[in-house]
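Listed next as structure tokens is one chain, alone, in the form predicted on its own.
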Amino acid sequence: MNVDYPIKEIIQRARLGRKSIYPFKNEKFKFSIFGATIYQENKRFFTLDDIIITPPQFTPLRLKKAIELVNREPIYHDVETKSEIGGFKTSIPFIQSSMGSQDDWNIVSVYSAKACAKKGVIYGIGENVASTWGYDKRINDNQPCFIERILSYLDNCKEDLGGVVIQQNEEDAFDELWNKIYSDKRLDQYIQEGKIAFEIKAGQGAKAGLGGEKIVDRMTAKRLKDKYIIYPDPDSVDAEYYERHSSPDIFTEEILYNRIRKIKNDYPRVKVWLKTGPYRDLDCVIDIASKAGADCVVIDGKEGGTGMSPTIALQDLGLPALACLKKIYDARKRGVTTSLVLSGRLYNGSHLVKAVGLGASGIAAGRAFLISSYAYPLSEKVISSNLYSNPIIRAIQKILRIPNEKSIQFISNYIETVEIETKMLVSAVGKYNIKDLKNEDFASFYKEIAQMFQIKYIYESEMIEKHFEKQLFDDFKNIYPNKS
């Protein structure tokens, strides 16, 4: 099985924390004589890795920071990464995506909740959790229910940082999930504090245009039959497994606008977020959401992952994350100020810096948190071989009580690596607030990308660039002679 997601790298981050940022040879932290790995296999489309960060020699903002500090010169620790996204303050513009009911995630979700709360970042709860695992009582003794997930975060949340984002799909709506949350006395304090957002699920990267797909056993299929489309019929067919289909929502421009307005009207004390996918009409989606008053739009590129997406969907549906970032970039040029978050195989400080510098409010990740939570011994082989479905592995995990509280530290370590890398890269361009990043800080290996984001093409000489700038200016003056 060929797994091209950087599993080993994320496990290394989760185990070693900040030490993993450097190219160490082994766990005794001797430097590798080979340095860091910088090459990768050819890929099918452009990614954020095709953009580089270009530090300048002359750094007036570094001088300004040094004057502010008085007694020393600035270092990367002085970079400010605190941000506001979708009505929430966060220590770093990095979000744990709204992950749903999938078994391997749900069992570690409470640990991720505590780690995200500890680090002051926003935490998402995806669809189907309450309907699959129960709202406030466990349906399965080994799996936490919905209320455990949300309170694991909120009860550990820092006063001034963070927030929880909660999805509701058609099946959750059947059980009136958002109504339950809004009227739940255990959550009333947090609603009053503005710590909760409701997120409309309008799509995701790995299966744009498709609904939620999951494989379940016969007992589960029978239990869920009244809420979901199950194939084949578990009451009449004895099969090895059953497909649980969650229908995609139906949207028109008017439906989306009215949906956002209705939620804002029905639940005035919560924020309203929209999670959408890599659609060709993203420009229109962003504009409608902004006009309707959405607090945040999360846009998932086609690289966004899920273990249950059809292979053909992963290969051929939707726009890559870099193309989605271009939609965000264009929205900013149109004057859109709504929080816009990018996701889709983004997992390190470089991805965060590039996305924010080119218009995004932050980035979100899902799989990286899942992998980090399982960063136990031998986990590289277990995850890479997809052995979590193996009953022997399951038995070993149960005996060793894996996952456990150690997952909190793993995930915290991982978040810390992203934070430190972000600060390093921002300071490298001579800036000390992530909000100061601009086009000038980036260049690309490819002319197409350079043109997309109006950044430098690294192999083009300054003289040629200036010639084209002058030519454009002369052309503009010829067409509009009265414009200054």
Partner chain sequence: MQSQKELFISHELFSKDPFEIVSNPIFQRIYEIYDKVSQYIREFLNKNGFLEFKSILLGPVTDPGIRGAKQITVDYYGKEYKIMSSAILYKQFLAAARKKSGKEGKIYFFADNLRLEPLETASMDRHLVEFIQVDLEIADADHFDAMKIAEELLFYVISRVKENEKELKMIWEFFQPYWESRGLKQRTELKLPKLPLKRYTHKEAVDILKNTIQENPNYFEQIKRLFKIEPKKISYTTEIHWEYEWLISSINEEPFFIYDYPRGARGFYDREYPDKPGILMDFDLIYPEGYGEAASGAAREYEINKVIQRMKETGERLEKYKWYLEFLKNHGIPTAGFGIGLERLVRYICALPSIYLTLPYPKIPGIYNL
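Remember, it's a predicted structure, so these values are computed and weren't measured experimentally. Residue numbers count along the first chain shown, from 1.
FYI, the form predicted together with the partner chain isn't displayed, but the following is about it.
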| query | finding |
| --- | --- |
| Partner contact for residue 262 in the model of the complex: the partner chain, 4.5 angstroms, heavy atom | yes |
| Contact of residue 72 with the partner chain in the model of the complex (heavy atom, 4.5 Å) | no |
| Partner contact for residue 337 in the model of the complex: the partner chain, 4.5 angstroms, heavy atom | no |
| The partner chain contact in the model of the complex: residue 219, any heavy atom under 4.5 Å | no |
| Within 4.5 Å of the partner chain in the model of the complex, all of 184, 249 and 268 (non-hydrogen atom) | yes |
| Among 145 to 153, 165 to 173, 104 to 112, 279 to 287, the region lying within 4.5 Å of the partner chain in the model of the complex by heavy atom distance | 165 to 173 |
| In the model of the complex, the one of 84, 188, 233, 243 near the partner chain [non-hydrogen atom within 4.5 angstroms] | 188 |
| Heavy atom within 4.5 Å of the partner chain in the model of the complex - residue from 158, 180, 332, 89 | 180 |
